[in-house]
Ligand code: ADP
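Quick heads-up: it's one chain on its own, the form predicted alone, in structure tokens.
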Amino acid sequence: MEGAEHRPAPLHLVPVTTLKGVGPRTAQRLAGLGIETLQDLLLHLPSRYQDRTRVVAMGGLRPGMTVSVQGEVLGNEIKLGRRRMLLVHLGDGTGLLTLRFFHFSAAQREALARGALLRCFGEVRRGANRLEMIHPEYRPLERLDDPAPESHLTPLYRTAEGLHQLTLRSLMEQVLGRLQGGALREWLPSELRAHLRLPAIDDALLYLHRPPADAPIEQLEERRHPAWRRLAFEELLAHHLSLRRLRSAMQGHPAPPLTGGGTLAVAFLGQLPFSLTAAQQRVWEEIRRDLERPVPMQRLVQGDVGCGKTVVAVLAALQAVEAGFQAALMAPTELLAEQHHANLERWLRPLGLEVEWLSGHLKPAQRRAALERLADGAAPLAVGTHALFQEQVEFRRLGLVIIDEQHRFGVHQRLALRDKGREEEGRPHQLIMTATPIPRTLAMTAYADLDLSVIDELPPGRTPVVTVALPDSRRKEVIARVGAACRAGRQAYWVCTLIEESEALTAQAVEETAALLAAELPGVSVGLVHGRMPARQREPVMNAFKAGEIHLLVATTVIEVGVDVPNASLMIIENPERLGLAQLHQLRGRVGRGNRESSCVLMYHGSLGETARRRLAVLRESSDGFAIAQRDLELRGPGELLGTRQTGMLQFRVADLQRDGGLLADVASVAAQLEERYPGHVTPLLERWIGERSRYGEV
């Protein structure tokens, strides 16, 4: 107990304002970097390092070097030109160097007078007469045999306006003193660290902020050093634990057991012109068992483009309806939601079931009527966009929520729908679908709160799509090929990719492309679809394309999911280098749905770089969505694959799923051990790495 009385205050509870030199203005600038406590400061890690541990002789200097030099001032002069400047001439017996200052005072000039001994650090540049440094950092020396400049590498930190590197280093030195005093608690037990060969957290942080002179700079800057690995592991562990906690909290709530005789499912399957694949049967069984349990299902169904996820989702919805509950299907775009609504109406109207449509573009009277039918239970099924989870939407008995393309929604949005169930009947079950195959290691981290089902089999009769990459210098040849295919009774897509992240510019580009193609292809009916078109304009075009009245559909990537036109057998994708492989694979999946041989032309602009060439080669050589997703992960990283700019879930400070993916299997194992043997360590870990963001999991 006596030792506990003298334990220093935990760093996550100590504000940076306790440090010398941090007043209100500096505190505000630090807060802009996310630094409010001493722990935040410690976790603000260097982005680069400088080697000031050795002095380089001036005779060995070359332009471009960033080094420490020292010598005697041989004289200084003020030079007048376009700008007034101070030139200080420095020598060390092996060579000469000019120090150039554009901002200086009289006192500074006096301090840099002939005979002064200086140690300087800066970038060497080629000057008019000799090598020079512009505004180097410098300090006076009493003698030239003073000790080495620095005992460790000098860290460079991400800064903010008005916040200098020297200020950050000074503050860091203060907090590192407390770190050595044991103020940062270790939440990874020593036996687990030993098994994983990870250093203690205080040793890792001290090494990263003060690397020894012989530290491997390249390994540090690439974040592959064991000290970085230790921090990445702990951060991945915290995120994994947060999702496990979310899952556990959800499982602690009741859910309505959705049981029935299966009459609706049998009737639905009986009217389909095909049988379920073995993979669909297996996944449907997993879902059916979950729905019958009195705890909320939280299941993610992954499957390649065209594997039949929607059919499985409809079976789940029918089980909810037969049990006396409602089901809601939410899609990220109007077009995809419209496609789902059309499919469900076609399949379920013969069974006597109405499917309600809810989007942000309904007229007020239509919206009121839809809300009434959902609230009084007259509508057993609802399909819509994010409009479904808005506050004024109420369900009479919501038993199942189906979310398509989960990665397009934030976690908050997904969880908002769970609150639409009636409190006395518990939380609705959740079925989440994605046509973006996620490599297993990534799914373990991104979706640790979900059970995983994989539909790893395509329906029979799907023909492989022949994929070629061509430069847009062959555009006329491609247009001629499209025209010949359309006149022969086939249909085609022409996809324009996003331009400079601007929907308005993309819409303009796609309109111009459609006009150009219509002019160059007389006799070919050309349609146009893009994300800025209202549904009332888009629907007739899509219906005409499905009916074969439009031969060529010019579109943005809005058609990447949900569009099913079996007669379409040719796709042109402009500027494919702008898109990820998984997205290109989904676009390509719009063709090859009939019995004709299908083709996809990737028409790139200019010359391709080596990475772009390798990426497009992957697409040409493989039609396996999971293999393509794995290569996308390796080549572009997880943010692009998961759309994490929208999820808010994988905004890591240290970890990188591409670089640190090898840690994930151990992360899952250690998470289970911590929960079982060290449950008191879980919350502090979440607070350290996730902080307020962990609150999204409170239920």
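No experiment lies behind these values; they were computed from the predicted model shown. Numbers for residues come from their place in the sequence shown, where the first is 1.
Keep in mind that the form predicted together with adenosine-5'-diphosphate (ADP) is missing from the display, and what follows is about it.
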*Using a 4.5 Å heavy atom cut-off, are F274, V305 and R462 all in contact with adenosine-5'-diphosphate (ADP) in the predicted complex?*
yes
*asked:* How about T467 - does it come within 4.5 Å of adenosine-5'-diphosphate (ADP) in the predicted complex, if we only consider non-hydrogen atoms?
replied: no
*Would you check, heavy atoms only and a 4.5 Å threshold, whether L616 touches adenosine-5'-diphosphate (ADP) in the predicted complex?*
no
*Are any of the heavy atoms in C120 no more than 4.5 Å from a heavy atom of adenosine-5'-diphosphate (ADP) in the predicted complex?*
no
*Does the 4.5 Å heavy atom contact test between V311 and adenosine-5'-diphosphate (ADP) in the predicted complex come out positive?*
yes
*Within 4.5 Å of adenosine-5'-diphosphate (ADP) in the predicted complex, counting heavy atoms only, one of 276-284, 484-492, 238-246, 539-547 shows up; tell me which.*
276-284
*Of the residues R299, H551, H530, R593, which one places a heavy atom within 4.5 Å of adenosine-5'-diphosphate (ADP) in the predicted complex?*
R593
*asked:* To verify the annotation, which of these, D92, E150, E221, D564, has a non-hydrogen atom within 4.5 Å of adenosine-5'-diphosphate (ADP) in the predicted complex?
replied: D564
